[in-house]
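One chain comes next, on its own, written out as structure tokens in the form predicted on its own.
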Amino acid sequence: MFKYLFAKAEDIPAGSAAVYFGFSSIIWFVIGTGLGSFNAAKLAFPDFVTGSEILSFGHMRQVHVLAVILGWISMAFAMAMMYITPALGNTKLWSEKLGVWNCFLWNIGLSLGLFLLWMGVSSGREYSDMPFVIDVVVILGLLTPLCVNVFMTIKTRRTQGIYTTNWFFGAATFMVIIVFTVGNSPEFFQLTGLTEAYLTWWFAHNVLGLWITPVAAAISYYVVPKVTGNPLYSHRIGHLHFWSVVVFYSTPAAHHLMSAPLPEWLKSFASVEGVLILVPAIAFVSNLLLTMTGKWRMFVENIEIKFTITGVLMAIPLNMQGGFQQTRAINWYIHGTGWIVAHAHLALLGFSTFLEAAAVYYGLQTLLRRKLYSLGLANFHFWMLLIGFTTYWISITIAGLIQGAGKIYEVPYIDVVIAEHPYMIARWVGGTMVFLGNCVWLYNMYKTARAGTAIPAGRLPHELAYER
């Protein structure tokens, strides 16, 4: 990467920025899930690593969360945008050099921000924990250059229309800048109390609703038709998905604060609109599954389709939970319990991660022109991720229901802790499986870059997957 930072633009090979973002995202995924496994061990075994303040749960948790969101997920998004956007426009990335600098600053800025968090320098607001100076770096040094590169690549396209994926990419890169700017304003304007709490959850909700969810979906709109050879089932349904996300997912987010003294009309409006996220969810899932018509055998034998369709199927429980858990009756029971933690991981480690992994697998092979080093290791990675995540999700969901019952029936807290202990151990086992699977993935992609079989001109990676 360093040799291209000050190189002439014409000397930087096409796809360099995407490759650097791809490998960076995998490394951050290993770091993020390693920290998650460490934190889960502290919940399962309270005597694990004690006596050090900076290794306490309070210091480590937010580092794990933001390493996954800004490191793994967002850098995988940037990687996908830097090779999919020009491919769909039949052109080159607008500025490969800007992309390389973007990746360099992303790694530096994120490392600095997470180090400060680890040392205890924090805004104290969940999901927007980083101090304001780092928020400025994220907005101006990370998100804005990405937005400029994506928009200019779409503008200089050599195709007549704009495919659904690029609709989502363009809108999401713009909206995430708005979300970060407004959501982190409480620290700049010294806002406190209910206003600070409301903006904190407005930020957390819309990072998921206007960044993570739509970009992950956009990736699948590219991968499934590209790998199967089937055209997208319906562009109109794709547009319905896009506009219904804009209308229904950008909710006021008051459903995160049902017990707070916010106006009742605002909480009711947020709840009703929240249920309507089932409209874009049904449009998305049905469109992708119908695109698979006649090619379902690839769900078994193709690694990119296996990851993508698994992620699409996870959108079903994700949106069913998301739609109804914010209604007052259900929210009253599960608010503040492990159920919410499980739901957040279903979105980030389930639905979103499987779609991004497909994009990174496909993109790195295509850009490096190298066949995957080991399909066996890729399948091992898939099953470790799927079984590990499922173990985590089910165990912490059950723990959440136990916590909810304990809250409602006023069971002594220590009895709740004892009752949920087996599920905390299962949570750690599942999370550790995900971490180990990611270590194998990093090794597999490193060997693909170094020792993968060259892909002949005119062939695609998935066409060679089973050729020896």
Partner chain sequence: MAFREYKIGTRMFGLAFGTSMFITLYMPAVDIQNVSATSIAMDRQLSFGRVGGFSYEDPFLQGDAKPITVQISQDPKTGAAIESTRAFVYEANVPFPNGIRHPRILGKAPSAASASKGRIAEASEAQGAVFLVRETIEGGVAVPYIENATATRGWTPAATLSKASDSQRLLVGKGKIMFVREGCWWCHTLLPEQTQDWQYFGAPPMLGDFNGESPTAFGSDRKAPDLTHVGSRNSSREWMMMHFFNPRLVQSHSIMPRYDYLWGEKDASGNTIDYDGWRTAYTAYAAGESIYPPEVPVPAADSEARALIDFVLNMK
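Because the structure is predicted, anything quoted here is derived from the model rather than measured. Residue numbers count along the first chain shown, from 1.
Omitted here: the form predicted in complex with the partner chain. The next part is about that form.
- A residue is said to contact a partner when one of its heavy atoms sits within 4.5 Å of a partner heavy atom; P145 fails this definition for the partner chain in the model of the complex, lying far away.
- Interface membership of Y83, defined by any non-hydrogen atom within 4.5 Å of the partner chain in the model of the complex, is ruled out.
- Taking non-hydrogen atoms only, Y413 approaches the partner chain to within 4.5 angstroms in the model of the complex.
- Under a 4.5 angstroms non-hydrogen atom cutoff, the partner chain in the model of the complex lacks F324 among its neighbouring residues.
- In terms of contact with the partner chain in the model of the complex, the residue from I277, L210, I309, L88 that brings a heavy atom within 4.5 Å is L210.
- Checking G294, P231, G124, P317 for any heavy atom within 4.5 Å of the partner chain in the model of the complex turns up a single hit: G124.
- The candidate stretches are 154-162, 348-356, 216-224, 369-377, and the one lying within 4.5 Å of the partner chain in the model of the complex by heavy atoms is 154-162.
- The candidate spot formed by E301, F435 and L460 lies out of contact with the partner chain in the model of the complex, as no residue has a heavy atom within 4.5 Å of it.
- Contacts with the partner chain in the model of the complex, taken as any heavy atom within 4.5 Å, map within 178-194 to I178, V182, Q190, L191, T192, G193, L194.
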